[in-house]
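Consider the single chain below, provided in C-alpha cells and representing the form predicted alone.
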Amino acid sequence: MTWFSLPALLGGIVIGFSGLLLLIGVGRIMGVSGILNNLLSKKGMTDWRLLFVVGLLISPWIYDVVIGSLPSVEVTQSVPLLIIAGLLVGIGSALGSGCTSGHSICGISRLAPSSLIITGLFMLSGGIAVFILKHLIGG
C-alpha cells in the first residue's frame, strides 16, 4: 500500500474546484444530498442542479475516456446491507442538514463550526459502524 495516489489527488482537486465553481457561479454551497433532495422537489428543479447530477452520473464515463480505464472496485458487502447503509446515510444527512460533501469538503474549507462538529460525528459514526460490522457482527 502506498500513501500517495495520483488519481485520488486529482479527484480531490476536481471536487474542490467544482465546489468553488458552484460557490462563485451560483452562490451555493456544494452538498450532493441537498442538491439531490431539492432536485426531486418541483420548486427546487433548476438547471444547475440537473447539470450537477448529470455531471455526477457521466463522470465515470469521462474518466474512462480520458484515463483509459476505470479503477476496479470490489464490493464485499451484501446488497441489502448496502441499501440499509444508504438509507441511514440519507437519514443522517437530513438530520445533519447536509452530507459529507457539504460539511466535510465545503463547510470545513469555510471554517464553519457546525461542519467541524458534524464531520467529526461522521467519522465517529463510521468508526463505530465498522467496529460493529467487523468485530461484533463479523461482516
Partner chain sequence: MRLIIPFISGLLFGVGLLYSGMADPQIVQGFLDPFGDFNPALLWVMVGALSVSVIGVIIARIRRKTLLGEPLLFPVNSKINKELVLGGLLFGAGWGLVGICPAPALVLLGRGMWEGAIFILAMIVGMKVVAYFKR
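Positions refer to the first chain, counted from 1. Computed from a predicted structure; not experimentally measured.
One more form of this protein should be noted, the form predicted together with the partner chain, which is absent from this view; the next part is about it.
K.L.:
With a cut-off of 4.5 Å between heavy atoms, is residue 84 one of the residues that contacts the partner chain in the predicted bound form?
P.N.:
Yes, residue 84 lies within 4.5 Å of the partner chain in the predicted bound form.
K.L.:
Please determine whether residue 65 contacts the partner chain in the predicted bound form, using a 4.5 Å cut-off between heavy atoms.
P.N.:
Contact check for residue 65: no, nothing within 4.5 Å of the partner chain in the predicted bound form.
K.L.:
Although the partner chain is absent from this view, report whether residue 136 comes within 4.5 Å of it in the predicted bound form, heavy atoms only.
P.N.:
Output for residue 136 is no: heavy atoms all beyond 4.5 Å of the partner chain.
K.L.:
Which residues from 58 to 77 come close to the partner chain in the predicted bound form, meaning a heavy atom within 4.5 Å?
P.N.:
Contacting residues: 58, 59, 60, 62, 63, 67, 70, 71, 72, 73, 74, 75, 76, 77.
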